[in-house]
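In the form predicted on its own, a lone chain appears below as structure tokens.
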Amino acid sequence: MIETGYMQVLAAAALAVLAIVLAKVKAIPVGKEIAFGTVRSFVQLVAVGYALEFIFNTKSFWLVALSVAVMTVVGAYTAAQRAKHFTGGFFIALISISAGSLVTLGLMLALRIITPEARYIIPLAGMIISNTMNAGAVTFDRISSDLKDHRLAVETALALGKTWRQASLRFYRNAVKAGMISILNFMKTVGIVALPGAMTGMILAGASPLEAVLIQVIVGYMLISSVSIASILAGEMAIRRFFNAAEQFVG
């Protein structure tokens, strides 16, 4: 692969232009979004690149912590947009994403899989937070829609003497499974259907395929841990919001 610079990025923009042209030809109203997303992603990623280079050079623990905190807050805010049918979605997302991230990164540090350096913590935290954010959003959405669609079944179960947990258990389990489905599919098909980003990036950068595979396996295990923790916590805290202290359904 040739050396990558701004000229290669500019040339690659032709691919985005192709997408815009195809959308216009087929009268699909996404041309402006593609154009805006193309420019915005470039600006955001270049800015992040300069910021990361500064953080890596300063080797400041506080800058690393601040970077992870900002990513966590933004991820929680994004996931909370799916919590339209109950209160406290942001704090639930913040807790679940933080728990998934801290436990997983803490174990990786304790097991000496990684060292406490910015070049490891920030990229891996980004992977974890983005995946737990998506898992939380799906869990929120599934819990809300399932309980809303099956309100009568839940209220009937409560009327028959079941606790709120018993009445909502299958919806909780289905929601958590839905939140995990993306990473579960990834674990089943990785290396067969697709070569993931981390692995592909390392190979393009010149690393041996076997080294890239081993790193990707670690990333996969890291994500299944963090997503499981975040989905379970998000589901546990979110579903409780649909019932009051008297165990009445208030969704």
Partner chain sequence: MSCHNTVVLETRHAGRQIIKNGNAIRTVDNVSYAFNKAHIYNLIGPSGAGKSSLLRLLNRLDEPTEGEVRFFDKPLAEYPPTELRRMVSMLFQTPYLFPGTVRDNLQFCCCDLTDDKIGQLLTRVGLDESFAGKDADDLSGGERQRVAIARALSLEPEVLLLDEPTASLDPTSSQTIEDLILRLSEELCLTTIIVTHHPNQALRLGGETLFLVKGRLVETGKTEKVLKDPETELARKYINRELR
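Positions refer to the first chain, counted from 1. Just so it is clear, the model here is predicted, and its values are computed rather than measured.
Below, we turn to the form predicted in complex with its partner chain, even though it does not appear here.
Out of T87, T156, Q81, T115, which one falls within 4.5 Å of its partner chain in the model of the complex, going by heavy atoms?
Comparing distances to its partner chain in the model of the complex, the residue within 4.5 Å is T156.
Taking its partner chain as it sits in the model of the complex, is R170 near enough to touch it, meaning that at least one heavy atom pair lies within 4.5 angstroms?
R170: contacts its partner chain in the model of the complex.
Does Q248 reach its partner chain in the model of the complex, with heavy atoms at most 4.5 Å apart?
Output for Q248 is yes: heavy atoms within 4.5 Å of its partner chain.
Is G161 close to its partner chain in the model of the complex, meaning a heavy atom pair under 4.5 Å apart or at it?
G161 belongs to the contact set for its partner chain.
Classify L152 as contacting or not contacting its partner chain in the model of the complex by the rule of any non-hydrogen atom within 4.5 angstroms, answering yes or no.
Taking the distances in the model of the complex, the answer for L152 is yes, it comes within 4.5 Å of its partner chain.
Choose from 137 to 145, 175 to 183, 117 to 125, 162 to 170 the stretch whose residues reach within 4.5 Å of its partner chain in the model of the complex, heavy atoms counted.
Comparing against its partner chain in the model of the complex, the contact stretch is 162 to 170.
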